[in-house]
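Heads up, the chain below is alone and in the form predicted on its own; it's given as structure tokens.
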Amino acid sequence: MTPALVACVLLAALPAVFAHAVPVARWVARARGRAAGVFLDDRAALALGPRVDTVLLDRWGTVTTGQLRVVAVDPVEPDHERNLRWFAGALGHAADDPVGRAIARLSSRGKLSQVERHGGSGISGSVDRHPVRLGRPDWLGMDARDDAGVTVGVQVDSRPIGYITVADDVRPHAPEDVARLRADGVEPVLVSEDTERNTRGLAEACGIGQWYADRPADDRAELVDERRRGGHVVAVAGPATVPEADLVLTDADVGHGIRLADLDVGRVATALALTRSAARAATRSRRTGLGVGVAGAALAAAGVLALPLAIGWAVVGCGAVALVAVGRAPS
């Protein structure tokens, strides 16, 4: 075989080398991921994503906004509602927990003084010189309530004036995004430190069929191990990483896994879809490159492709490989 013929064969076979050596599908997936707030910088995570079949969704920030919201304001007397909102909201500004922050949005701060926090019972203080207590109804000597969510009592001037109930602020498109996960072959599982009743209600509102309640953030490793022993590839989406998980999706810069702009379950679904689409695009482009390269090499070896034609074949073949990778990458 003459040097010229060897050169023609090698040039015509270039699309096969290009398809295997240049990760066009991965580049496209990363670019489209960044535009969607999904950062696929960890090559191991990008490769593992297509195998994930179960994702544990932390209650905070995935199917919810990560905050609570007031869902009911129930004054003892109808004309007490304005005072109930004002005094509870003002004292709520001094709270340092999700319930207090939700109630604080009912009003401005007012003139606060003598603030005391009483462990898990509640908070007390003076609002515009009126003594106010906000907390568990039994702590305030008020009747217990059986509302979904968390219900607190409000007492002003040593008299109960009403109840306020807060609950998870569910993301508007959470049910659709959960359905996207399931349609992509990934089973969503809700994990929450909240009560069984509230966790079940949140799961049902989002269309999630499996959930775990009363599970604090530092008690997730056992759940992951249980799923993995069942033969599943498990991802965990939440503010806290779980080293035992196969894949971590988080909004923290942990240096591995998939980093998200926020924990919205829609981004979780997009991230896993990106990894799957990138894998499919890479497979298709490699097959295209191999087919075009083998055909070109055979034609060149038979003397059909002279040097100019071999160069053109290589250029067109590499372009075809790139187009297949781009066309099959997720949008």
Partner chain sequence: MRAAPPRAALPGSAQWMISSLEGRVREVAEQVTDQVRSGVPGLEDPADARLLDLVFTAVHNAMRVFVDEALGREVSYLPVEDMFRKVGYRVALRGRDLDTIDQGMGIAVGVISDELRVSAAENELSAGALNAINDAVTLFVGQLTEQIGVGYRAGAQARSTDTGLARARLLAALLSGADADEVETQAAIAGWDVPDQVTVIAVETGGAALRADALGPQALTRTGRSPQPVVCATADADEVVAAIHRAAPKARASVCWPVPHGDASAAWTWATRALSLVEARVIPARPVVECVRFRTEIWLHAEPVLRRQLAQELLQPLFNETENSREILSETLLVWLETRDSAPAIAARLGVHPQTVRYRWKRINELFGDALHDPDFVVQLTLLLKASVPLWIAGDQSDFRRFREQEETG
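Positions refer to the first chain, counted from 1. Predicted model, so just to flag it, every value in this text is computed and none were measured.
Beyond the structure shown, there is the form predicted together with its partner chain, which is absent from this document and is the topic of what follows.
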Is its partner chain in the predicted bound form close enough to 73, 145 and 163 that every residue in that trio has a heavy atom within 4.5 angstroms of it? no
Please tell me which of 210, 113, 121, 108 lies within 4.5 Å of its partner chain in the predicted bound form, judged by heavy atoms. 108
Can you pick the one in 138, 214, 226, 128 that has a heavy atom within 4.5 Å of its partner chain in the predicted bound form? 128
Of the candidate stretches 254 to 262, 83 to 91, 232 to 240, 184 to 192, the one with residues having heavy atoms within 4.5 Å of its partner chain in the predicted bound form is 83 to 91
So in the predicted bound form, is its partner chain close enough to residue 197 to count as touching (4.5 Å, heavy atoms)? no
With the partner left out of view, is residue 218 within 4.5 angstroms of its partner chain in the predicted bound form by any non-hydrogen atom? no
Evaluate residue 157 for contact with its partner chain in the predicted bound form, applying a 4.5 angstroms cut-off between non-hydrogen atoms, and reply yes or no. yes
Mark residue 77 yes when one of its heavy atoms lies within 4.5 Å of a heavy atom of its partner chain in the predicted bound form, and no otherwise. yes
